[in-house]
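First comes one chain, alone, set out as structure tokens in the form predicted alone.
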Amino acid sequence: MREHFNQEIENLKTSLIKMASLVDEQVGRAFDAMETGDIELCRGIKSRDSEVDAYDNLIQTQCENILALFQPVAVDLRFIISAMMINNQLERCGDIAVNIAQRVKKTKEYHSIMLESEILTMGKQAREMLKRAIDSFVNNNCELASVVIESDEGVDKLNKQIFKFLIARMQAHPDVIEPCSHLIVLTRHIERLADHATNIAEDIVFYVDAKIVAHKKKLDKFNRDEVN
């Protein structure tokens, strides 16, 4: 029975790694298109999303079957719970890659504004966060997961700076209101990608160290405010 269980766990992890690889490829192509302005790189991103969705369904089924057949406990149960949450985060990252590609197409004539606004810097940071989150899952590496979690604040700060920059540009040059609006939406997608990478990292910490670190900073601040 244990051997059968271990094989099912390995099959589940393999599915997650394959899904993560697909999503990483999607995101990579979207950001390469954003950086170079080459919208040809956007081709295929949406079609690959169907493959990601197929893995989403497969992994959900695998998790449900393992829970029903083996009723895992302790670390095994934490892995299944984490796998279900990571699966959800990866599926949303795939959707975001499609959304980024769509915005890149809409702003292709205004690549100079993107270069000025530090959107590319924000994108590189978010992409690196996702790659590190995936690596932390593959290697059960909580230290790398912690790096991802700490990186989220930097992306949030850039998001606020870029928003202010784009608002100022629209006020000074009304003719770029439409492309700048698309760029604001683009930064929102990038910020959400970083959030999903953070969530994956938090799921790894939960699985490996049995610690719930989600919303830790907000909860710590809330508790301090309550005391004061």
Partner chain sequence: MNSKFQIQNLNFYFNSEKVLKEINLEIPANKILGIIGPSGSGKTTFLRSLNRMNDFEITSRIEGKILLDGKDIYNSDFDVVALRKKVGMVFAMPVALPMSIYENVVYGPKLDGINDKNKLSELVEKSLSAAYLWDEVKDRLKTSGMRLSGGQQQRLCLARVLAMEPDVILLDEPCSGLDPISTAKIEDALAQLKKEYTIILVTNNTKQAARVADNTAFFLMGEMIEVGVTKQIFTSPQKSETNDYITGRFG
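Positions refer to the first chain, counted from 1. Since we're looking at a predicted model, the values are computed, not measured.
Quick note: we don't show the form predicted in complex with its partner chain, though the next part is all about it.
Which listed residue (Arg92, Lys106, Lys131, Arg78) meets the criterion of a heavy atom within 4.5 Å of its partner chain in the model of the complex?
In short, Arg78.
Give me the residue from Ser112, Asn139, Thr121, Gln71 that has a heavy atom within 4.5 Å of its partner chain in the model of the complex.
It is Gln71 that has a heavy atom within 4.5 Å of the partner.
If contact means any heavy atom within 4.5 Å, which of 26-34, 63-71, 44-52, 168-176 contacts its partner chain in the model of the complex?
Stretch 63-71 is the one.
Contact with its partner chain in the model of the complex for Ala210, defined as at least one heavy atom pair within 4.5 Å: yes or no?
Output for Ala210 is yes: heavy atoms within 4.5 Å of its partner chain.
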